[in-house]
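Read the single chain below, which is given as structure tokens and is the form predicted on its own.
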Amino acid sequence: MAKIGFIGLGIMGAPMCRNLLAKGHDVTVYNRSREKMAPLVAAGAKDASSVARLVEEGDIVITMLSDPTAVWEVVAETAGVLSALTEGKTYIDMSTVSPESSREIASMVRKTGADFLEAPVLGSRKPAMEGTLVILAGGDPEVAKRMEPVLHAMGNKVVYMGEVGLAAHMKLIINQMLGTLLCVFSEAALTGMAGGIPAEKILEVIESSVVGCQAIRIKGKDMLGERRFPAHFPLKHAHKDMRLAVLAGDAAGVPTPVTAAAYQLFSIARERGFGDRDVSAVLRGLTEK
């Protein structure tokens, strides 16, 4: 069993950490909002007084943070991850960040003599709780192979994508497609309902058609019905990912007009106060009802 330090105990990080504990790993946790550490400590984790202390005490360090800025702060700040990394340790970043950010952090980590692996995940809160996430690994193939037992404690499938940056980019592609899909579904379904088609009929026909998919199957009923938007994947994080996807297109020289338009709709929904609700609350960019 591995000695693991886990940083970031939010909607995804906390259940992922619980699964590591359930598999018998020796886990130390750190979170800036320290009240989030208490339930994990009660479940058997140790608490670290600082990021540096967590890194010093473990062989593997995992971060699951909200955005590239949060990752950079934890990694590069005084007494951060880099300050205590040494040869023989491995740092795994499971956050959703840009390919460029991941490559820059990898370079900094490797200068300490430690190994680096990017490992963003596909799935939201429920798969995180069930340990059924799909994990995309990027970096040295030998490091990826060595870390597979740890990754499999949190997910049921690990896909090795290649060099650092490719896994981060693949994760953005998935979230880019999810975001644009929910935007066009919102537009089309609301237009249909305004034209007199019942919501249940819209969902029934979509499910039986070529455009039926898991995202609409899971989120569509709430989007067209009660619109409670319980947060499985917070809209504010999807908003960030849509921005990163547009930037990735710019860097690659590929126009992204559809993604850019979807990003604007996410911006509107977030400005209306739905950032902490589910990604499906992007529908609120079209209606305040």
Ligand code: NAP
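In this text, residue numbers run from 1 along the sequence as written. Quick caveat: nothing in here was measured; it's all calculated off a predicted structure.
There is also a form predicted together with the ligand; it is not shown, and the following applies to it.
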{"property": "Selected contact from 130, 163, 207, 73, since only one has a non-hydrogen atom within 4.5 angstroms of the ligand in the predicted bound form", "result": "73"}
{"property": "Residue 64 within 4.5 Å of the ligand in the predicted bound form, heavy atoms", "result": "yes"}
{"property": "Partner proximity in the predicted bound form: residue 8 to the ligand, non-hydrogen atom cutoff 4.5 Å", "result": "yes"}
{"property": "Distance check, residue 234 to the ligand in the predicted bound form, heavy atom within 4.5 Å", "result": "yes"}
{"property": "Residue 125, heavy atom within 4.5 angstroms of the ligand in the predicted bound form", "result": "yes"}
{"property": "Stretch from 33-41, 222-230, 54-62, 252-260 whose residues place a heavy atom within 4.5 Å of the ligand in the predicted bound form", "result": "33-41"}
